[in-house]
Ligand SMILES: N[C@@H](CCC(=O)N[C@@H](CS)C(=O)NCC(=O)O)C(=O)O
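First comes one chain, alone, set out as structure tokens in the form predicted alone.
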């Protein structure tokens, strides 16, 4: 093995994408063993590599790590992206948990039956515009600094940038009134490691379309 982290997941964003973003931002090269069929997933399970019989799973530092938040916290701690003390770590966790709440709404659109998709999309627009984006804009405005916590790049800034790209792809107008968030997105995107990750041909994955989800449902029988 090369010593690089090895990521085991499907060929979509899902719960591995934030891990990809964080590793890339930290300048850590990684390999991927994409799960392309049910047999690939069954082999990981049968070999006893998945503690809870589910992915994502990351092989790193001699460990087989599962549970995406635990993996993110480990990477953030190792590469100094998790604040300088317990107070800063609390703020980073608060902000990233809020991001997760909005992120999960995007998955609900994919999972929703056809008759409920419009309502699910409307909920995203409402929560993004009136709850989550104003909260993060307020944080940046309150201290006038370039990053969310401690005026230093952290896990929170990286994952928020990931989320802002998702929001922008969904409906770019949602970001129009949040100038500080736009500036943060630009600032993080221009960091050399992140800029490289955003280039075509990188290991960044597409958000699953309805067609991709239906194909995965057939392939993995869920």
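Remember, predicted model here, so these are calculated numbers, not experimental data. Numbering follows the first chain given and starts at 1.
Although not depicted, the form predicted together with the ligand is the subject of the following passage.
Interface residue among 60, 181, 41, 167, judged by heavy atoms within 4.5 Å of the ligand in the predicted complex: 41. With the ligand left out of view, the stretch that reaches within 4.5 Å of it through heavy atoms in the predicted complex is, among 45-53, 22-30, 192-200, 158-166, 45-53.
A residue is said to contact a partner when one of its heavy atoms sits within 4.5 Å of a partner heavy atom; residue 67 meets this definition for the ligand in the predicted complex.
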